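One chain is shown next in structure tokens, namely the form predicted alone.
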């Protein structure tokens, strides 16, 4: 096959731990790409974007074949490593362009509803809850961010309520937080369980392949994907492998990869649950960039998520993991001193993607080769919407929401390393120094 070839410089290699994934039963053995597979569509990456794109292609083209190809196991990678929030709003609401903010919110709402409908229809067991979210502050920097957040939410018409310190203590069992802002327009879930459930309920014409990282892409008469033990020939391909798309030469230096680390405790005992407000689940998002995302899950586990590093290497090194673990331990101790030494069932890293202009990576990158990536502050819901709409666009289906998506700016080009690394590290250090009390 003559044409352009893309060869991966680096394959996905997520850290060995993912506490969400480890809490699930062992999966069935993986079906791998072996020999030669020929399909109408191939989707690379089985996170939220890949799962959504493959599902929508299967729904719209029931007579066509779709291959969904995952490098590891469904639920183990990036989408199974997040904090488990499905946000109806794109961000804190602070966009300077209110129309852009409203467009993003419409996309997030559509993504949330598509995921919710799928979960409810298939009865996917993922600890789903429409609890919403509370943005929190614990000191002066956080209070300032919280005020800006409230102003931004008002600007785009998102309803919220203020939660004072006494109410925060009743919810969480700690007086660590000085104030919060609650928005009830989102969901909580167990992300690895959600991803696995979505993968297990695909339309009949979608075949899932796991443990099959794509090392080469060849364009010519269609697109050929090369894996370790076989290859997939497709008429059209969607890359939905997040920041690893740039390792294949797609959308390079359009997204800033930031690694964020999390730890998940063992389930709390009945004697321990009163320490965290009595045991009813909650989900807290930091108003400060240096704050901690904190959850109490339906099965009584504490999630502590903080500590950012520049993630261009797409690896989670031992020094970074050690620092993150210490921060998670300290975060638990500061909120619940009696739980300072609680056992952890996992500590891991996951990569978020941020753009310099609130832009998107979504669309046709070359003939027959498309890409979609989760970016910025609502990665699951906006990512799901973008992937669904991209599949619809490929199949010739237009809509007002697709026009919303296509009006969003494309992710702007970033400076290359080492300049970008220096810029990001300087900003992260500034946040750590000035807002240490919010961690």
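Predicted model only: the values in this text are computed from it and were never measured. Positions refer to the first chain, counted from 1.
Form predicted in complex with a small molecule: not shown, discussed below.
Residue 214 is the only one of 294, 238, 198, 214 with a heavy atom lying within 4.5 Å of the small molecule in the model of the complex. Site annotation in the model of the complex: the residue of 262, 362, 192, 107 reaching within 4.5 Å of the small molecule with a heavy atom is 262.
In the model of the complex, none of the heavy atoms of residue 119 sits within 4.5 Å of a heavy atom of the small molecule. Residue 378 belongs to the set of residues with a heavy atom inside 4.5 Å of the small molecule in the model of the complex. At least one heavy atom of residue 350 is located within 4.5 Å of the small molecule in the model of the complex. Under a 4.5 angstroms non-hydrogen atom cutoff, the small molecule in the model of the complex has residue 71 among its neighbouring residues. Just one listed stretch, out of 79 to 87, 336 to 344, 267 to 275, 170 to 178, contacts the small molecule in the model of the complex at the 4.5 Å heavy atom level, and that stretch is 79 to 87.
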